[in-house]
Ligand SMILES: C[S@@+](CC[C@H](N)C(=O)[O-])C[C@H]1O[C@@H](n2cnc3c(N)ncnc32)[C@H](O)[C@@H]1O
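Shown here is one chain on its own, the form predicted alone, set out as structure tokens.
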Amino acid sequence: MQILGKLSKILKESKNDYEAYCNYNNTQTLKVNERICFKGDAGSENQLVQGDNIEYMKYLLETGMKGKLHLIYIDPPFFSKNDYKVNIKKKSDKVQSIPVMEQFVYKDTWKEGMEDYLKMLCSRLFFMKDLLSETGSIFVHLDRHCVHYIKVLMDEIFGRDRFINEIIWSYKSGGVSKRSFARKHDNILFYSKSKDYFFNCLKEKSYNRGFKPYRFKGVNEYQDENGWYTLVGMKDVWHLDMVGRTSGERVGYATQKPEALLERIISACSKEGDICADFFGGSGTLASVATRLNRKWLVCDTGKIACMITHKRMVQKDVAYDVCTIGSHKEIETFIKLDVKITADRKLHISFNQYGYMNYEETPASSRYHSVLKSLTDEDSLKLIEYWSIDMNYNGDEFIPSWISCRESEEVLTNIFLDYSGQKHAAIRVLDIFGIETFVKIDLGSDG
């Protein structure tokens, strides 16, 4: 049977899965691993969560967030039948000829084919509908592979009359086929929760014919370096550049979306202070733009690397947020060797000496990279560290860093002096190139 004939079955089974999961009483606990605070903030509603988005959405529903999200944007897998990776590149004066280490960030291959993929996304759309406010909207970012099937399913879940637009994002990118027109666009489905959805009509330039002034009565005209234009309501075809190799936005994530794209969506369908969410968070573009536009945000991704990249991207902004995990996670045993001293002039001196893995087979790296990781561990292990932070007042409960360092190029600070005022305990949190977390408690002595 073709997929079209299976859509009603997919919809029914997805709804059954959603209802069964809602009725399952073993809700996962959200664990806050790190609380980023600025300007004396005691906490934040912004959350970066690593884990299964269905577990996170169920947690949100059961903690009073039903009908509270004003905007949801998701960029799920496209059913491209590809697996996506990041290239980990390291240079070292001590370890020669380090190869580019390919690390998979998410799989877009499905054992049961299209039916399996559609059920995955469809069951999650039921949760998203529950989380949306009555004035809220959802944008689902897809492409030619399955947008038509998802459109049919969303018509059933949200209602055909709640379909607002199919936005075409047109871009320039790499190669072209000699057997088809160049495929250079994505499709973004825009639905509302109700007829009372919030929408701020954005404007764009519409150039006059011949770029000359019309001088029509009552029509405002403007001029730029190209010629004369008017401002009109934005159309549903958006010509925006991708995140290129030389872009200042680029964070090295395989399917990173441009901030200009999210800026249009967030500006059109939310107000300052509204809560925006992305449950397939990727590189954190929604969080980055929502911060700049003074919105609150919730971002979830199952991948450790995706969350590490987003954390590095966000920690450099003046924004408070919680870094969390939900559900069970495989623990990978690491080791850290530190020198910790209190100097004569009352400074806390912390120096990293070595970082590594107790068992290379447990790392997510392919076996062909194990010898490289071992060489780096033995000779230049600090190259493995992407981020670390220190809580100088660790109370055994909340980890709130008072000092942070994240790698922006080839160097990360690993030898520091901090003001010391008699604290008894401190703690360090480390993230490595795979997003693996290591947490270390430090006893500074009973006398401070």
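Since we're looking at a predicted model, the values are computed, not measured. Don't overthink the numbering: it's just position in the shown sequence, from 1.
Although it is not shown, the form predicted together with this ligand is what the next lines describe.
- Proximity to this ligand in the model of the complex, defined as a heavy atom within 4.5 Å, holds among Y117, W169, F190, Y253 only for Y253.
- For the options Y369, Y106, F352, W228, the one in contact with this ligand in the model of the complex, meaning a heavy atom within 4.5 Å, is Y106.
- A residue is said to contact a partner when one of its heavy atoms sits within 4.5 Å of a partner heavy atom; C300 meets this definition for this ligand in the model of the complex.
- Under a 4.5 angstroms non-hydrogen atom cutoff, this ligand in the model of the complex lacks E398 among its neighbouring residues.
- Not displayed here, this ligand is kept clear of S137 by more than 4.5 Å at the level of heavy atoms in the model of the complex.
- Mapping the unseen interface onto this chain, N53 counts among the residues with a heavy atom inside 4.5 Å of this ligand in the model of the complex.
- The partner is not drawn, yet in the model of the complex one stretch among 216-224, 197-205, 94-102, 254-262 has residues with heavy atoms inside 4.5 Å of this ligand: 254-262.
- If you take 76-99 and check each residue for a heavy atom within 4.5 Å of this ligand in the model of the complex, you get P76, P77, in sequence order.
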